[in-house]
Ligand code: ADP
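Okay, so here's just one chain, in structure tokens, the form predicted on its own.
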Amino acid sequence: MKHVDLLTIGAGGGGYPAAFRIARAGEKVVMIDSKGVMSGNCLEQGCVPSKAVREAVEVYKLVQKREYFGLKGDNIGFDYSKIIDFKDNVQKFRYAQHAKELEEVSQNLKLIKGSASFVDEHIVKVTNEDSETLYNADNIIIASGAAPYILPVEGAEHCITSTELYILNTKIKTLSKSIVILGAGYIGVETATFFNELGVNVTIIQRSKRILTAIDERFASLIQNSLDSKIKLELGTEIKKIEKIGVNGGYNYNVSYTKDGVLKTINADLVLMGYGRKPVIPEGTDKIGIDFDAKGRIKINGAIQTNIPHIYASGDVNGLSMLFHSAERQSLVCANNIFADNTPVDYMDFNAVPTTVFTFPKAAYAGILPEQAKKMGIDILQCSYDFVADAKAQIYNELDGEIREFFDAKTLKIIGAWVIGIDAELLIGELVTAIQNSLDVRIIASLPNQHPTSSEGIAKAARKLL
């Protein structure tokens, strides 16, 4: 039995920020992770590699517009295997960076490759290839992340997930001519736009009548309308089965589904299961009395504590905000409360977390949007700025999209915002700061943002309410 001040189950964004902070304070910390490396799914198979691919495609898109910029060039193309090499190199670089960071705190912090299971409220069993070790931890952070959700349908084993596409050293290094994507969450829709820009024939099959069902309906509709018309959307469907079909010494796939009572079949070279992710729960978590919600996620309070105060559940495992940067902030909330002997002194503001859908074009949002405001009984005032009037958007000829801000009609304080179009993922950061600090419309309208940048639109939108 080994004693530690903190044990994290997982070394991703929900675990390592707290582990580092507490280790730097001189406490003994261990992180248990089945991968044996830091940064979790985000770096191995998620946000970093997928956005590396996206940015490579973005450059290719810009090259296609070379004549617009007054540039010349012939035989402009791409090599998908080289894009994958680029993605892999970014991942390797960051893994080396994290290894160096870990080495700097190695006196107090150890990363152990293995699986963790609960014995009781303080004791965790760690199992690896050749041994089992018991740890008695004063505090525990469950940060075990999430895994792709697999629809229980006949032939599901023939599908790939985002893991196979984006994982380091992926075996998928050639571009298929066609792909069917099951599900229209952000993973599916993002991937659809990447492949579409590279000339792949893309079809999205979605159960509901719209894409991005977890997002405000009007906002999701704007994103849907902004997608390239070459992406085929089959909405309001039910998947029946996926079949592997032999063709000319190789194979492809038939996807059967019903729509409006009619059975349809589509053939493609690749089928992506894109129904989102589900929390990974460590073995024994239920046996020690931790509470779960109706969806099987670990229940937490605003301090990221479970119903057992010295056990926290940070990041994807609680399912409230399945984003790496959200997990990092949650992890730091855990650390601050652990320093206070598990008395809540810091709280997570889930409304102040930006979310970006990295489609073409990008779209980002934060805070309380109209659909949620209506349910909460909040009257709102809204204002917008169209990128067609924006200098930077004009320079890049990306004129579609908008910045839209939502204010509480009683207080005139900003409660939410969205951005569709150029620099969306950057602009939402400033808007989140405004939301987090409850800035009113007058303060936002007075912001002297740099010209010519797209951020000018944040103040210009607010001025329409004055």
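When you see a residue number, it is the position in the sequence shown, counting from 1. Keep in mind that what you see is a predicted model, and the values were worked out from it rather than measured.
There is another form of the same protein, the form predicted in complex with adenosine-5'-diphosphate (ADP); it is not shown, and what comes next is about it.
With a 4.5 Å heavy atom cut-off, would you call L431 a contact of adenosine-5'-diphosphate (ADP) in the predicted complex? The answer is no: L431 has no heavy atom within 4.5 Å of adenosine-5'-diphosphate (ADP).
Contact flag, A143 vs adenosine-5'-diphosphate (ADP) in the predicted complex, heavy atom cut 4.5 Å: Contact with adenosine-5'-diphosphate (ADP), yes.
Quick one: does A19 come within 4.5 Å of adenosine-5'-diphosphate (ADP) in the predicted complex, counting heavy atoms only? Result no; A19 lies far from adenosine-5'-diphosphate (ADP) in the predicted complex.
Residue-level contact is defined here as any heavy atom of the residue lying within 4.5 Å of adenosine-5'-diphosphate (ADP) in the predicted complex; does D33 satisfy this criterion? The answer is yes: D33 has a heavy atom within 4.5 Å of adenosine-5'-diphosphate (ADP).
Heavy atoms within 4.5 Å of adenosine-5'-diphosphate (ADP) in the predicted complex: which of the stretches 35-43, 403-411, 422-430, 52-60 has them? Selected stretch: 35-43.
Proximity to adenosine-5'-diphosphate (ADP) in the predicted complex, single hit among V153, V280, I266, L235 (heavy atom within 4.5 Å): Flagged contact: V280.
Residue (of V202, I304, V271, A327) lying close to adenosine-5'-diphosphate (ADP) in the predicted complex, criterion heavy atoms within 4.5 Å: It is A327.
Can you list, in sequence order, the residues from 1-31 that come within 4.5 Å of adenosine-5'-diphosphate (ADP) in the predicted complex, counting heavy atoms only? Heavy-atom contacts within 4.5 Å come from I9, G10, A11, G12, G13, G14, G15.
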